[in-house]
Structure formats: C-alpha cells, structure tokens
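Next comes just one chain, in structure tokens: the form predicted alone.
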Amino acid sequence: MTEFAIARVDLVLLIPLAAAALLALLPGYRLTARLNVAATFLTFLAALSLLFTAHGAPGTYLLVDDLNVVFIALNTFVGFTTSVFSASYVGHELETGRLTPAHLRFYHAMYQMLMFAMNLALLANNIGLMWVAVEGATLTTVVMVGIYRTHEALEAAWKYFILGSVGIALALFGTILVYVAAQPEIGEGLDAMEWTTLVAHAAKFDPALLNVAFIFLLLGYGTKVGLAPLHAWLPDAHAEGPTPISAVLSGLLLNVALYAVLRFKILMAANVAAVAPGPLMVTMGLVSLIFAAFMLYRRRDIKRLFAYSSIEHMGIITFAFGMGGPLANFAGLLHMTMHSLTKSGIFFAVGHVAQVKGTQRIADIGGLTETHPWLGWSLVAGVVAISGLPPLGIFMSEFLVVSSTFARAPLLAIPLVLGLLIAFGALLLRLNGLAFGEPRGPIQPVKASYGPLFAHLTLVLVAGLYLPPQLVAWFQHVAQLLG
C-alpha cells in the first residue's frame, strides 16, 4: 500500500482504539457521549478517504481492496450515525433510571472497541487476524447486550456468548484447515495465512481439505450472520440489549461475518476441483428467508420482530451471493447496503417508540402516527422500505435478486418470491397495528434524535430513484471479483 493509504488505514484502526482507552478512563455520560460521536465521525472521515486513495500492494497483516472498501465505508458511516442516536437514547435511559452511571461506565469504551474490532476484521489480510477480530467484536457485544443487568438481559448475553463461541470455534477449525491445505504449496508461517497469497495459490490446494474447511467456515461465520438454524442468539440479543447495539448488530456485525464468508468463497472459487460454495449458501439463504418470514407472524415484541426481519434479509443476501454472477452479486452488495441503512434506521425509530410507550410489547403500542406523528411516520417509512416497496432502495435490490434467479434458476425463484411475499404480509400486518388505529399505551416525553433516522431513510430513497454511475461501476467491479 502507498504511504498515504497506510496512514489512512492506521487512522481507521487507531482512532477507535485510542478513543476506547480514553473513554474507559473518563467519568460521566455527557462528555463521553460527545467524545464517542467525535471519534466515530473522525473514523468515518478516515475510511471515506480510502475511497479516493490508490490501494497499492497489500501488507502482511492489512489489506485495502475494492471489496473491503465497500464494507468499511458502510461500517464507519452507520457506526457514526448510531453513535449520534445512542447519545440521545442512552441519555433518556439514564433520566428514567433504567440505566445507571455504573452500568454505563464502559459503554462508550466498549462501543469504540466494537468499531475497532469490526474495522480490523474488514481490513485484515491475515485469516487468523480476521478470526481474532470477529471474536473480539463478539465478546464486546456480549458485554453490551447484558448492560441492563436484568435476568433477561444476562440470559440473552450468556446465550449469545455460548452460541457465538460455538460458531467462532467452528470458524477457527475451518481457518486451521485452510492453513493446513496451504502448507504443502506455500510452506509454514505467515505466508500461508495471507489471504492474497492464499488466493494466488489456491488452485493447487488439496480440494478435499478446502471442502471440509468451507463447511466449517460457513457454519461458524454463518452463526454470526444469523442464518437459520444458527440464529437462536440473535432475537434475544436484539430484544434485551440497548437499541443502539441492536442497530449495530443488524446493520454492521452481521455484514462483517458475511464478509468473512465471501472472502473464503472467493478462495474456493479459485480451485476448480473444490466443491462450489454457491449451492450451500443458496440453501442456507432460502431456509433463513422462509423460516424468518413465517416467524414474523408470531412475534409479540417489537425488537424481536425486526430481529427476525434481519434474519430474513441476511438470508436474501446470502442467497444472492450464493447464486453468484455479475447481476446476483451486484444485487447482493446493493441489498446489503440498503438493509444496513434501513434496518439501523428502523431500530432508531423502534428505540424511541419503546421509550415513549414504556414497553416493547406490540400489543401495548398503537396509533403512533396520531400520538407521535414524526416518530410514527418515520417508522412507517422504514417498514415500507424494508418490505421492499417501490421506489425505495430495497425494492431495486430485491427486484435484481428475483430477476437474476428467474434468468438462471427459475425453480429457485418460486420459494424466493414466496418467502418475500410472506414476510411482506407479516410486516404490513404489524405496521397497521403499531402506526394506525386507536392509540394504545402510555405517552411519555422523549428527546428523540431524528437526524440519523432521516439521513438513513433519505439515502435509501435516493438509492431507489437514482444510483450514481460511479457507484454502479464500482459495485459491478466488486461483483466480478466475487465470481
């Protein structure tokens, strides 16, 4: 990498790491909330500069290429907007006594450590370092999910920890198998763990070892993606943790785990004798989509509802990347981007809804467009967007996924469209009760932060109406890299 690029990569990692160390030492909430926002904004600017920097040669440990720049730009942007939302959300939780200063002592430090770990996973050129970073992100979010210290929150944190540890152990075993497969060709040491070196020599690796490795990697990292039947931790973590962490989990951490799967998919595709990873990903994607679509009808908690919506959409994205090809990969990248922006925006709205109503039970929430017009209509816009209605961005990405499937595998398009329609019906059914009709539940004052929510919804609307040619060309290039 060029010296300029190296400096920007260092900043993307060093800013959150230094901020975490500083925030761990500072008392109080207001100051640390402002510093948290400032640190995430600076990290976003550093990441944004990578878009306009020549990537150059990869390093031993770090890599900047067209694939991870997509993820790192999205990751740092949503991290910044979520930190702005978090400042108002957690401030209200302190005022109402749901959280105490003691609970929040390391909250902002952990937030920055989470951003550091996710950024490191995305930028790692060493497959072992990427595994360590994903594990670090998992442990950090475990602590944050249990921040309320209630029985339910601690149970959700332990469930997340146990299932996440099983998943990451499977991913570790798969990573070791890739290293073992590389040794005869590359030799021992760090070279056999560099992703760029692995891809260059993958055609000569033992295909049997690669096949077993990818199964473990898909199951391991697939647990983090939230793919069914490995999803059990996700609804509890969303429901019991603070809403800013729900936004980060759905909008960012699931993408980071999927990014790891995509890296190894590229490795598998470079060995013609290895099993094609596409059918495995298509199967897990379809199972997740259809399972989550039916489960949406049974949710009674508003945050669990949108947690299952995340499982649904990660299934769609995994299905698209499993189908492969320029159009499906393009659709997968676009859907991933639109889902991150839309779902985090929905959680911004849901967090404030739970605060003004004093509950997350859907049965106790109603008439939001009458009692809180701005909040209610924002939630309506978010649900309309995530349901895939035009002219919003997810409609375009889902249309591309469906059309590419019809062109290449018409029979697969049937369960795909069926799953989309089932989920669509469930979301509209729940939205009708939440946003319209007779107001239900208490009405509490709340200082809502609408800026991040409106910013996300505006981007999703603009993407549905017009994609800049430069962005289209960039996504097309990345789609070709994914095979």
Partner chain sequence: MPNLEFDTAHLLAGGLVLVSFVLLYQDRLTSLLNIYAVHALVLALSVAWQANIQDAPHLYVTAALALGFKAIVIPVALRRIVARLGIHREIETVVGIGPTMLCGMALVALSMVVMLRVTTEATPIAREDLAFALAVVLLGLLIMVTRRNAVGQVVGFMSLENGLVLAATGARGMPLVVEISAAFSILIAFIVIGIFLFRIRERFDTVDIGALDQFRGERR
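Just so it is clear, the model here is predicted, and its values are computed rather than measured. Numbering follows the first chain given and starts at 1.
Just so you know, the form predicted together with the partner chain exists too; it's not on screen, but the next bit is about it.
Contact annotation for F294: none of its heavy atoms lies within 4.5 Å of the partner chain in the predicted complex. Shown alone here, L139 lies within 4.5 Å of the partner chain in the predicted complex, counting heavy atoms only. The shortest heavy atom separation between Y179 and the partner chain in the predicted complex is within 4.5 Å. The partner chain in the predicted complex comes within 4.5 Å of no heavy atom belonging to R263. The three marked residues, L154, F161 and L172, each reach the partner chain in the predicted complex, with a heavy atom inside 4.5 Å.
Among the residues L230, L209, I186, A354, the one placing a heavy atom within 4.5 Å of the partner chain in the predicted complex is L209. Between the options F216, F395, F330, W195, the residue in contact with the partner chain in the predicted complex by a heavy atom within 4.5 angstroms is F216. None of 265 to 273, 295 to 303, 195 to 203, 401 to 409 except one has non-hydrogen atoms within 4.5 angstroms of the partner chain in the predicted complex; the exception is 295 to 303. Residues G128, W131, V132, E135 are the ones in 114 to 135 with at least one heavy atom within 4.5 Å of the partner chain in the predicted complex, listed in sequence order.
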